[in-house]
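Only one chain comes next, encoded as structure tokens, the form predicted on its own.
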């Protein structure tokens, strides 16, 4: 039995549209009650969720392992940052569209020579690409700003949106909620297109290539083209997520996209659930509040946050969570839904039988 079949299947055609719309609406409503700091964390999590979704498409649906998504994020971030730095009045949607194109083109450059590579060889090549992006950004100082990076203007909150806020911290609350709402809407759009892509003819070809590339080729599927499309789409999503993340941080710097970020993205995908929409959402939520979790663990253990151990605490926690997931939830958090649902049905069935038995004896 192919191990990829162990992962849960996606939603049906009707439920995927409704599910994405409802989840986006719920997230927008949640931003109303969240404090500014939590809204900022939610915005960053939405950007990371877009990247995790693209990686889930590449790995979970086409069976290709990539460790270069931090590099694709950097390409999208620098493309958006360079453009926004020189064209401050450009709408955000256009800037993100530019990042999508830049990320997709970088994915095409990597995909063309790597379509025949599989397993660790493919992972090694994507890792090399990710490792090369940072030195390039540091050396082309006239374009990328070198070590200092590029500083961007904050996302401007529309005046009509700011009118809804009053009080002493009205400006802070308005700006935080606007960036969170904008990130959630962008993520919702990206999730909607990916949900349709999952169930399209291309998505079915991806699954066939993933499960049995020989059978796929016999059925007329072009393996090279299918794998190239997977890389391009994944890199485009990483470009959008990286650009959005940089706009939220108001800067683009080489140290924002280290090699460890690619490992973190892969970990978030596995923890949430590989090859699922909801798994990417869970991965984004985990990343959103990971800083609070790290601070809490440092406080409980008495570790100095500025020490070497404290600085690497996030990687340690993610590593422990990944080990636990592999031992007890190999399909990720999403995979726990099915056994929990079965357990709930068993409990409710026993309660009904017990109630019927008591009613009969009386």
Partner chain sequence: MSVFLSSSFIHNIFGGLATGVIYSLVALSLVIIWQSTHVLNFAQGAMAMFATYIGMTEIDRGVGYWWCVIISVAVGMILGGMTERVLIRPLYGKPEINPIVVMVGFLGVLEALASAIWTSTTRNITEPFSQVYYQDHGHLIFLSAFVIFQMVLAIGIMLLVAALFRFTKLGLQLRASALAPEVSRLLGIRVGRMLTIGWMLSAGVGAIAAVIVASGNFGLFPTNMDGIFVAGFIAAAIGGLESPMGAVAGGLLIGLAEQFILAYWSPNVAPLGGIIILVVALMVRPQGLFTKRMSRRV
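All of these numbers come straight from a predicted model, not from anything done at the bench. Residue numbers count along the first chain shown, from 1.
There is also a form predicted in complex with the partner chain; it is not shown, and the following applies to it.
- Only one segment in the set 48-56, 294-302, 32-40, 307-315 has residues whose heavy atoms sit within 4.5 Å of the partner chain in the predicted complex; it is 307-315.
- Using a 4.5 angstroms limit between non-hydrogen atoms, residue 250 is distant from the partner chain in the predicted complex.
- Not displayed here, the partner chain is kept clear of residue 88 by more than 4.5 Å at the level of heavy atoms in the predicted complex.
- Of the heavy atoms in residue 213, some are within 4.5 Å of the partner chain in the predicted complex.
- Using a 4.5 angstroms threshold between heavy atoms, residue 335 stays clear of the partner chain in the predicted complex.
- Contact with the partner chain in the predicted complex, defined as a heavy atom within 4.5 Å, holds for exactly one of 156, 112, 143, 93, namely 112.
- 120 is the sole member of 148, 120, 220, 167 with a non-hydrogen atom lying within 4.5 angstroms of the partner chain in the predicted complex.
- The candidate spot formed by 320, 323 and 327 is fully in contact with the partner chain in the predicted complex: every one of the three has a heavy atom within 4.5 Å.
- Looking at 238-267, the residues that come within 4.5 Å of the partner chain in the predicted complex, counting any heavy atom, are 259, 263, 266.
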